[in-house]
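Given next, in structure tokens, is a single chain: the form predicted on its own.
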């Protein structure tokens, strides 16, 4: 999959920008705040229907305007093109998404059709932040592989919200609130069992990808390890029904605590993906360079994991890729990225590419200034 060209109108810093990308490395040069990341964000809208950068679509509308538009040409590895367009208006709030002028049945059906791997400074919390960040990483990767998983995830979140409302009512002492709780508990365990099973298999499969990617980037004996720690213990071979039964038992054991606290305490929304280097916790002991290298390794692994399961090269969106890296690690990372699919990379300086990349129709560079795109000489 490549994106051959893109148009941004009233999107963040950009009044109207058009870019024709090469099929290899595409480097966006410029100072901070000029609009480089906005271009990656626009590609994210075309691939995932939303921003990786902001929670609200309204934040992407250029100041003083009422609507933004992004349109791009996605070309599959087999050569089939698709014109993808997303538009959002602020008043009344409405988002329109079309593929070849046809609206999909739902936005969730777009996920995985145009696979993408995104690395930005905001993703640093995957290795250094709370468990929710690592769950989000697993969920997005699996959602691009399996629409069934995504459907289960959406359903689980709906069930969890409703069950938490009921538990909050119980905590507040509202009469009759506990009566309808059990059916939601059964549904939570049933769908949660399927999610835990799939995550367990993912962690077992994915760990070898990360190990290979890390060894490609780092010379030495550091060995990364991923370990999935579900709230309900389950190995990769456990069936969903078995996991659901164990979840129900845990929920019933903690029923009094859940009602006292007014929230669900058992389920995949409480799971952890543990990261370590040579058996040592990454979150507690890794250096900045190790954090960044492991994060890049996770994204390289995600690329190959998606490619094998989608039979399609994902587009790589790499924001501020070389920050916190020394020259040696930067060169090794660039060498690995250069052998992958199409990449769009933002940077404040061209130094990591000098002597490493020959600019041509395949590898292109652009300068971004105040929301305007200039092909670099």
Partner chain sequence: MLYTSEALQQLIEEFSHFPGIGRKTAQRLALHVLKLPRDEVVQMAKALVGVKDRIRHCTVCSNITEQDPCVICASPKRDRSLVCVVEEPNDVMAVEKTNEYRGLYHVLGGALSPLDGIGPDQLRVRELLTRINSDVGEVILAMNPNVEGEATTIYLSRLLKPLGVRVSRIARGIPVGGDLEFADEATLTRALEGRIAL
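This is a predicted model, so every value here is computed, not measured. Numbering follows the first chain given and starts at 1.
This next part talks about the form predicted in complex with its partner chain, which is not shown.
Engineer: Tell me, yes or no, whether residue 194 is in contact with its partner chain in the predicted complex, where a contact means a heavy atom of each within 4.5 Å.
Structural biologist: So residue 194 counts as contacting its partner chain.
Engineer: In the predicted complex, is there a heavy atom of its partner chain that lies within 4.5 Å of any heavy atom of residue 159, even though the partner is absent here?
Structural biologist: Judged by the heavy-atom cut-off of 4.5 Å, residue 159 is in contact with its partner chain in the predicted complex.
Engineer: Can you tell me if residue 110 lies within 4.5 angstroms of its partner chain in the predicted complex, counting non-hydrogen atoms only?
Structural biologist: Flag for residue 110 set to no.
Engineer: Is it the case that residue 187, even though its partner is missing from this view, gets within 4.5 Å of its partner chain in the predicted complex, heavy atoms only?
Structural biologist: Residue 187 belongs to the contact set for its partner chain.
Engineer: Tell me, please, which stretch of 143-151, 296-304, 76-84, 216-224 lies within 4.5 angstroms of its partner chain in the predicted complex when heavy atoms are compared?
Structural biologist: Looking at the other structure, the answer is 143-151.
Engineer: Which residue, 139, 272, 71, 155, has a heavy atom that falls within 4.5 Å of its partner chain in the predicted complex?
Structural biologist: Contact check passes for 155.
Engineer: Give me the residue from 205, 257, 182, 122 that has a heavy atom within 4.5 Å of its partner chain in the predicted complex.
Structural biologist: By the 4.5 Å criterion, the partner-contacting residue is 182.
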